[in-house]
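One chain is shown next in structure tokens, namely the form predicted alone.
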């Protein structure tokens, strides 16, 4: 019998009345050395439970590969720490998670399969899911409540009612979980809309809702859907995420706290989304594609109670007061802010141009293509960056046309000189260029800005997406090469000199640290690219904003000398970066 069971209007935990007061905390968005701190602060705010998704694509980036369960992916360790803090856990393994995460958590190697129907009973999809669960569940079963662990409930899929209505698919997932030893309460999660709740529900599983306001109406809709059983908001949206080129989203703390109070006063259970958002480290951010493509920024601060860098914000204190009216909250003061590194400049005085041939950080395979370049999913690795090379058939001014467009941002070079940029979000497929001679080298560097994580475009292709022509004449043959986003060896760098380099190039500098602490990397002179500190991928930066700093977790730093590396795609007005003691996530939405 599962530890968590339902009654006509609530939950029982091992036979005793229980209300879930949970907050979302994604282990994969937090440095593992900070997990214990974030979990402790969750309990101090009054939470008795935390929730986390599981990103399939991060745990298994290649088909048939062993499951990654170390470092930031050591989910069993995270569950042990939650249990040690006295917290229960809601586990959301997907296989689709949305989460503003690259591809909604579905691996590129899977969704690239021609004609595959994700999130359906397509046997190719369900076979891959079954193989994944065969690897994922055995190390997690000891952490289920039945075995004395913290996991009291497991989600089936995620907001499926907004995507499809294939109940047989949901039933397959239920059987897959049960058949592999999961005995805990199963639940589904859908937007509190009658159509979504009906399409995403699964007989025998608890139906929960997602919403950020209109609490009374949302709870009424959920009660209309199921006449009895616990009312639970599995995602109570208390902030929002940001896209490049848009504003930074915030929600008034008093407004969010008032809605939380309405939820708890109605006797409902809740999972605050997010309690602590964290960071889309590396190239893990997702994207939306409604009328146009829009990539999510590196920060996943979400205007959450606990900020991206783990300090209590206004919502932390407001929510703690609300929770105290309805449930026990630990005695004592709320935690204060963590120490920050004193500001300092970093000069990046060594450089490794991408086209120099010395800047390759990891082996990759070059693939030849005759008539049309290959999309990224035909390369290894199938996401990140790809470099395409061919020769132009004629000289002079002309239009370079990319049939099918680009996924997602392409920098075009003719004989090594920048010729322009094409962006998917603008629907751009053509560029006017000057070609100095027939046979001039054409290089196209394409960046995957993040896989669409919501809606019918999940699994969108990246790279060059069709044939290329110059003034109507086909361009080809091609060489296509994936560029693993990693830091080159120190021997690849040479002194930059007095002039600033024109990208794409890697730039390296060193700085001293007396005592490691959290910091924020500001890059006002730089344009667009990726940043690493001591080999740890902080994520993307972009002058377009809104975010103007990248979070540098204290555990990434070390006493003494530290390395900062930027992969700058364009160029800079100077060679200096700055480590500051405060974040800047950009102008707020109004």
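Just so it is clear, the model here is predicted, and its values are computed rather than measured. Numbering follows the first chain given and starts at 1.
There is another form of this protein, the form predicted together with a small molecule, and it is not shown here; the text below is about that form.
Stretch-level contact check against the small molecule in the model of the complex with heavy atoms at 4.5 Å: of 316-324, 489-497, 173-181, 298-306, the positive one is 298-306.
A heavy atom within 4.5 Å of the small molecule in the model of the complex is found for one listed residue only; from 452, 279, 158, 271, this is 158. For the options 242, 408, 235, 377, the residue carrying a heavy atom within 4.5 angstroms of the small molecule in the model of the complex is 235. Residue 99 belongs to the set of residues with a heavy atom inside 4.5 Å of the small molecule in the model of the complex. Within this chain, residue 526 is remote from the site of the small molecule in the model of the complex, having no heavy atom within 4.5 Å. Taking the partner from the other structure, the small molecule in the model of the complex has no heavy atom within 4.5 Å of any heavy atom of residue 532.
Using a 4.5 Å cutoff between non-hydrogen atoms, residue 53 counts as a contact of the small molecule in the model of the complex.
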